[in-house]
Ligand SMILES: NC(=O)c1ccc[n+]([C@@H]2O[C@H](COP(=O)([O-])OP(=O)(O)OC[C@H]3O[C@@H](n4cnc5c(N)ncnc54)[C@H](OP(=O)(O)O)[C@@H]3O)[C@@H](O)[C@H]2O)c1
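The chain that follows stands alone, in the form predicted alone, written as structure tokens.
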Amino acid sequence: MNLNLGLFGFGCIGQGLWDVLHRTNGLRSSIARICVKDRKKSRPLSQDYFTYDKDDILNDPEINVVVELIDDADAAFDIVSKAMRQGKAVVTANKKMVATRFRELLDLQTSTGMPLLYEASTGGSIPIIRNLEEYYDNDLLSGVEGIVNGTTNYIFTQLMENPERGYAHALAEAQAKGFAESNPSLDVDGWDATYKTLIIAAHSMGSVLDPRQIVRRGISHITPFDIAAARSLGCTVKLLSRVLLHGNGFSASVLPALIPNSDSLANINNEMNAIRLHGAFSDDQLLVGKGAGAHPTASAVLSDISALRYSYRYEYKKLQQADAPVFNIGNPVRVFVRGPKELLNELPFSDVHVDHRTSSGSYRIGDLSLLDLSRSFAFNSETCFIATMVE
């Protein structure tokens, strides 16, 4: 089957895709047209490839695959939905579009009969969606957790190595090296990881969530005191995505985490990502790869394009299970909370394991439910740093 591609967006990933396509022999696919917005921008290809009208691709009967690689989630959904209604298969890397329009995209796949693949939306080069769909489709998963945002992982790596420099310096360094945007809020506030967590939850637990249901907190309130405390506890700090089974229910969260230095996730540094799957039959498996960058992300897009050659589509087996676990954040978690005494006292801990008070700062380590944690004043206060404890 020959694949004639219409590409939307020619930024970092789009140019990476062009490169890997032309270095991959035997794929029998080529980019016919590329739709972009900026007419004045200099590009390394002949102008003949480019159009500024999306309908030049969407209405072209010779183009049978649309590859969507733009930033705007709403515009992306418009492109994707029209392409599928026109009988075109779609590959996308837009995690916000997939996460916020998941049910609509499911309905589109059913009504049009066209496949929608989005491996590149979650974990960069790590093939997590395909593994959940194929390898773990019948394995009872007790959890999926990992580092799914390269920006925050780079920042935490720098803080653990040089805690005295502080968060602002580490962020500026990430921006200077291209690991963080000029407006980094999507990453540092945890939204990027939240969208990815939602997609993982759908494919691992068979439940489609609203992003606002996922317990989320960013990293910007961390201080050198918190880094020093983590080191004294023999831990490393990471932003951790977690989808965990608890009896007949499951929880989903994106929170900073104190991870023991002996844990394999503690040794995933800089822009690298890692996802650990807890299987009932396959035990634990760890997938590691680059979570960002032109070629790593383009490799995931390329994998989806290649899969279309044999009419691959997601079967969503977990979503079809009658006994899928129910979303429930009433499960107890162990947390580290640093903050003012009045906010620490307000937290409804069922048990306190450490109550550390000094003139330089105070923190407690104790147990409470994710629900109670998310409703607390401390959780919504900029004066507190909160992290789950990984045991």
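This is a predicted model, so every value here is computed, not measured. Don't overthink the numbering: it's just position in the shown sequence, from 1.
Here the subject shifts to the form predicted in complex with the ligand, a form of this protein not shown in this document.
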{"item": "Segment assignment from 341-349, 356-364, 59-67, 31-39: heavy atom within 4.5 Å of the ligand in the model of the complex", "value": "31-39"}
{"item": "Proximity of residue 71 to the ligand in the model of the complex, heavy atoms at 4.5 Å", "value": "yes"}
{"item": "In the model of the complex, residue 293 touching the ligand (heavy atom, 4.5 Å)", "value": "yes"}
{"item": "Close approach of residue 95 to the ligand in the model of the complex, 4.5 Å, heavy atom", "value": "yes"}
{"item": "Contact label in the model of the complex: residue 236 to the ligand, heavy atom within 4.5 Å", "value": "no"}
{"item": "Position in contact with the ligand when the complex is considered in the model of the complex, options 151, 297, 253, 204, heavy atoms within 4.5 Å", "value": "297"}
{"item": "Interface residue in the model of the complex among 243, 214, 99, 120, criterion: non-hydrogen atom within 4.5 angstroms of the ligand", "value": "120"}
